[in-house]
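Next up: just one chain, as structure tokens, the form predicted alone.
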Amino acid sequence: MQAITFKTDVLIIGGGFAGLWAARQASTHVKDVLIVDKGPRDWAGLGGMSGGDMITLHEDQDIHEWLDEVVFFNDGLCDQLMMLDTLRDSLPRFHDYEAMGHTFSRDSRGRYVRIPQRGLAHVSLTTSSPTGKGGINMRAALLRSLEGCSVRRMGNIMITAITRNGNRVSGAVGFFNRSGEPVFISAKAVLITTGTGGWKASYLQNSMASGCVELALEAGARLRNFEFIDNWNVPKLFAWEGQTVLLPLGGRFINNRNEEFMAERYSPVLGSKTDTQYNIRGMVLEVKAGRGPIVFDTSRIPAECMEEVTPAAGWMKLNNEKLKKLGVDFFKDKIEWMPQPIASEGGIATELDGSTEVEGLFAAGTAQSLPTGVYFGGLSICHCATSGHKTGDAIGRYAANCETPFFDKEQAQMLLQRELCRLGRTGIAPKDIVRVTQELMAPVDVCIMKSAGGLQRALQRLEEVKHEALPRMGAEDPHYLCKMVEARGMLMLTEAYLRASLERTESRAGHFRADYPQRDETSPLYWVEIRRNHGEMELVRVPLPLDSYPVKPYRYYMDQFTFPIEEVRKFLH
């Protein structure tokens, strides 16, 4: 089948919020920007399903106080220079959203509604209005802002590999996931803005898989922070957005004895007003002790706040209406919640401008490594805007000042043929690989109270699947070929997670090892980085450049919690 060929100055892989921000800025420097996404042309990624709340440093707030708290919250493991850029640029991007027509919430006195985060004194998010439609409105505003820009957007294209000319990227290859037609794209520079992927959990990220792990590694880039994942806390029977707003307003988790167990046993200072990772560790211990199930209680949220947090639009409103028809009132009933691994918080290691060590290859948004497993509500919305804008400017300037590299069609054909040769073949279905991968991640000693035994057990099973099942996958049509690539990417993501989790032999931020429940104070702070070496993942510990950071870690968020060692050790076997 003849490949359809495109040529562009800047190719952006991923049409979510970061990709849209980047395209908007890159188009001020070059004549043509092309965004491709595996989903529909206008879906704009998972940001459209979010609440639209945004971490924003307002004029009356001190960036140094915020940075000090962020370093504290991350137990010292923080890319301070990137975080400073994110905080510094948050307000200009916030006002850009307003200029696009987006609305952030204000109280009766006209002040922005700010919600404190994780029991901290300074860091807060600013909410969008109306509740439940913030992400939808942001998506519409971003798409409107591209009208008249030199930006092309194409959906339903699955990118499978980035092409190179020596150490410089030359474009990418993929296929239309409805027709199976091959696609070659020649570009001066390539920007990855896909998410890093996840495990298709029941929450809003159930469409998220594969992401950028395979693309980045095979292109020669380094990965970072893959020991950190987003363990989220969700209602057992349905999806709900807004925990980071509800907890500071008085929401709490209670056990079957009606005890707010976080306040009574594990964190008297913060109680439930903390990061999800800490709450779910407490939940696991409570259930193990026979004090489950765990329910979410909203009875202490002030009445005047109820209207503000009740979904007024979007998928949240639909869910709320369906629940009421079933006799379930989210704000009055005590509803059972459960933890689940959602998505990776690792990403591509980059410079501050989004560039990688591969010339012409950039990354932004959630494809770029920033969080370390603990998370402020609204950080992704903020970072997608700030890094998308900054990296879009950098890649646009780069492409404006270089020639188009040679695009080797023979190389492109070879890279793509490994996927297309499976089209029309029967074999193991992608969903079966996905299911096995989810089962690998589900045990508590793999995703929450990690142990060497649990991680190695999962890794051994993963190696069996990788060598025995992956070669036997088939795809009856282009849709399932897309799913096959996703399933393989999910397995690779899981391998990165397991290997990085084994490498970090301590507990810190969102990473908790039952066999190493304390910080390692004997070693300098380090990142766990992954690169490709002869087809295998090679892990390296890279020291943080603390000499160039303004805050020298001196206090640690994890020290506010007491998880009994004798109970934690029960998860070692």
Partner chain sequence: MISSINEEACIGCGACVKTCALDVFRLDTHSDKTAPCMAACPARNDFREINALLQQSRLDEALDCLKRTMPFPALAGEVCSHPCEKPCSRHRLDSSVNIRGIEAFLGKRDVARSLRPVPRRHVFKVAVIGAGAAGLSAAWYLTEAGYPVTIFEAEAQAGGRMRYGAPEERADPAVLDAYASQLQSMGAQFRYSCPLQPWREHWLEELEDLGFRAVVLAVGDVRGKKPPHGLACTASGSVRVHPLTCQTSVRTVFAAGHAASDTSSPVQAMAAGRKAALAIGNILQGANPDMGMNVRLHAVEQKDISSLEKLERREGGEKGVLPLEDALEEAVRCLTCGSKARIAYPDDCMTCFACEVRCPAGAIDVDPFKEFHPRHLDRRFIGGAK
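Residue numbers count along the first chain shown, from 1. Note that this is a predicted model, so its numbers are computed, not measured.
Separately, the form predicted together with its partner chain exists; it is not shown, and the next lines address it.
Note on contacts: among Thr310, Asn319, Ser105, Gln413, the single residue with a heavy atom within 4.5 Å of its partner chain in the model of the complex is Asn319. This chain is drawn without its partner chain; in the model of the complex, the residue among Ile530, Ala514, Val36, Met49 with a heavy atom within 4.5 Å of it is Met49. Heavy atoms of Ile115 never reach within 4.5 Å of its partner chain in the model of the complex, leaving it off the interface. For Arg41, a non-hydrogen atom is located within 4.5 Å of its partner chain in the model of the complex, even though that partner is not displayed. Ser124 falls outside the set of residues with a heavy atom inside 4.5 Å of its partner chain in the model of the complex.
Taking non-hydrogen atoms only, Ser451 never approaches its partner chain to within 4.5 angstroms in the model of the complex. From the list 357 to 365, 173 to 181, 297 to 305, 76 to 84, the contact stretch for its partner chain in the model of the complex under a 4.5 Å heavy atom rule is 173 to 181. Using a 4.5 angstroms heavy atom cutoff to its partner chain in the model of the complex, none of Thr28, Tyr97 and Lys334 count as contacting. Within 4.5 angstroms of its partner chain in the model of the complex, the stretch 477 to 508 places a non-hydrogen atom from each of Asp477, His479, Tyr480, Lys483, taken in sequence order.
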